[in-house]
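Before any questions on how it binds or moves, here is one chain, the form predicted alone, in structure tokens.
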């Protein structure tokens, strides 16, 4: 049972990383941009969720508010920052993205303070359920279920809808997609809207899990998400999901095995290096759904 507990903990962490990595993977797959500012959208979602929940006493209002603001800011970042830079080499957009992240983090410090804010009322991090002998709090359960539902909906969207097919065609060859009548701009806005919405939801869930958010909330998760999209094979959502779960489980077991010598982040880095030495192209297939 002890090892099953470790496995479940690893899967929960993997789900958290997957929600964060999906947006990064989608943007890279479409535009070949490492969207570092995605971490700030994740943090924005967490702050908006807490502010709305504390003001109204309702988490049911916190989620839509976080999604709405995250989508709006994500689209604005694409329109105002990335779109004018697409004709330049990708590192230009990467530097701009890093700048947006730093500016937004400073904005969070000014608006909410250096020490961040907690939920005033968060019963979900304490309420537990016993599932086949494994005790989980309700936020952990919600995180896993939400990840499964969102990834399932994303798969259906990409495989079964016209805009999803247009999205995949644009990823493969934007010029060819345009010649077949695909509106590339609509695809890009949709990409940022969906990725930002997932980041906003993830932000609220992780804030509920920690019962807290502070300005650099997204930093640790973001650099692990960057590692995950490399590990999964740049641009592959399927590979990113596999890499997220693998990294979460490896951290969980590795912390027990060598936790006296290495922390979780060092274990994650070692796993990344070893896998990339064995399989430098990553775990997924580029462009795979």
Partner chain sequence: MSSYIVGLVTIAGINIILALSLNIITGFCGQVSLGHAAFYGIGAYATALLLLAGVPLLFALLLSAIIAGTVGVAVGLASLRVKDDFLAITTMAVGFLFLGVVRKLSVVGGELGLSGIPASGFGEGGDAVLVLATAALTAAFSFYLGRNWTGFAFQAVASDDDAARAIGINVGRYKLVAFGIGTALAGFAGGLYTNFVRFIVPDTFGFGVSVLALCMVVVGGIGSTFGVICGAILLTLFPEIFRFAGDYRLLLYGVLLIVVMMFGPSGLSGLATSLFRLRGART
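Bear in mind the structure is a predicted one, so any value in this text is a computation, not a measurement. Residue numbers count along the first chain shown, from 1.
Heads up, the form predicted in complex with the partner chain isn't pictured, but that's what we're talking about next.
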Options 96-104, 150-158, 67-75, 165-173; stretch whose heavy atom lies within 4.5 Å of the partner chain in the predicted complex: 96-104
Exercise: residue 59 in contact with the partner chain in the predicted complex, heavy atom 4.5 Å: no
Touches the partner chain in the predicted complex: residue 109 (any heavy atom, 4.5 Å): yes
4.5 Å heavy atom contact, residue 245 and the partner chain in the predicted complex: no
Any non-hydrogen atom of residue 272 within 4.5 angstroms of the partner chain in the predicted complex: yes
Candidate site 10, 127 and 143: all three near the partner chain in the predicted complex by heavy atom within 4.5 Å: no
Interface residue in the predicted complex among 227, 30, 250, 51, criterion: non-hydrogen atom within 4.5 angstroms of the partner chain: 227
Sequence-ordered residues of 60-84 touching the partner chain in the predicted complex, heavy atom within 4.5 Å: 80, 81, 84
